[in-house]
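Quick heads-up: it's one chain on its own, the form predicted alone, in structure tokens.
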Amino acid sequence: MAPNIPDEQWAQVIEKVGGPVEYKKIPVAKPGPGEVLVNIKYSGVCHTDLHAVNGDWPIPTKLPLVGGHEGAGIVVARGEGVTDQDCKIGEAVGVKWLNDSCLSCTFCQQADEPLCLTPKLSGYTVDGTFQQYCIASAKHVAHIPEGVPLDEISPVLCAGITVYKGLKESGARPGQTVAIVGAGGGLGSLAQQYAKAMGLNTIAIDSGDEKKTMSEKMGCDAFIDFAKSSDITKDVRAATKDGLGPHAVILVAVNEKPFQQAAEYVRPRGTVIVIGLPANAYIRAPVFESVLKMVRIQASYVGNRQDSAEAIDFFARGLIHAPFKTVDLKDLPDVYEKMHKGAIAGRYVLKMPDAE
């Protein structure tokens, strides 16, 4: 039996750069060729969503805009050409940052779909998951295994996949050490989990007792409070077994300063992975020391479809237990306020209103 799909739905919408975010009813879209309509049940809130509201990035958003790109829900309608092999009605799926790509450009053909020359980005260039019903490409939705809780998997659909990809790109091997900068936030809390699941030792770098307690519960080998450290380079190196520094640094902080420090404390032949996107920030490294240490600095974007499947598999096997708090969709402005203040440990997940 086909699901009963309403004509209108509740959504969080911005009409102009800078907001405000308005909770109101909007029409439910119909899926076009190759698309599915997903009844979103839960959606994680990412710092990218706040950047989209504020217009922090050089890429313009669509307006009006429904944000969100960590949506977990159920397929309720399919457009022309979508087969059961793509998506079945009633199947649980995730709507990710990369809503769609061309699958034919040079990057898509090399499994670098996130680098597609004509991407559609959920909650940025197309409407995202802060609504009850969302359109997504049938080829790009993440397939969620049966029995996986949709609220818990939501943060994995962006934050989890992104940090898992970054850890893969770092080349760090089991038994080696990674420093995670911004360890207490949404990305960082998941990075700690994935690093442990991949057999890595972790140094958590953040500030505040709440984030320290959370990181210790996740099994970090050391926690460094950057606000209390008088010499961050010395402290990070000292936290490694041989005192040479971590084999990799995963930068998921929301401020610029850590991006200008990491190359100084990573070990020789170490790798700095840049993931976080502070507004108007620059990466800086001392040339002389970086050359002599043969430091590698590399950016990492979101994962491709295979990375997504692997990251979800880690979660489905019970290896990822990221902390999150659930609030109603209407409470999104409160989440943004906490995010702006840096007062969030872990991740916030929005629950969509029940059908009327």
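Start at 1 with the first residue shown and count on from there. None of the values given here were measured: they were computed from a predicted structure.
Form predicted together with a small molecule: not shown, discussed below.
One residue of 302, 66, 26, 329 in contact with the small molecule, assessed in the predicted complex (non-hydrogen atom, 4.5 angstroms): None of the other options qualify; the answer is 302.
Option touching the small molecule, based on a heavy atom within 4.5 Å in the predicted complex, out of 195, 95, 187, 266: The residue from 195, 95, 187, 266 that makes the contact is 187.
Is it the case that residue 339, even though its partner is missing from this view, gets within 4.5 Å of the small molecule in the predicted complex, heavy atoms only? Residue-level check for residue 339: yes, a contact with the small molecule.
Would residue 322 count as a contact of the small molecule in the predicted complex, using a 4.5 angstroms cut-off between non-hydrogen atoms? No, residue 322 stays farther than 4.5 Å from the small molecule in the predicted complex.
So, in the predicted complex, is residue 229 in contact with the small molecule at a 4.5 angstroms heavy atom limit? No, residue 229 stays farther than 4.5 Å from the small molecule in the predicted complex.
Would residue 127 show up as a contact with the small molecule in the predicted complex if we use heavy atoms at 4.5 Å? It does not: once the small molecule is placed as it appears in the predicted complex, residue 127 has no heavy atom within 4.5 Å of it.
Proximity to the small molecule in the predicted complex (heavy atom, within 4.5 Å), stretch among 101 to 109, 137 to 145, 255 to 263, 118 to 126: It is the stretch 255 to 263.
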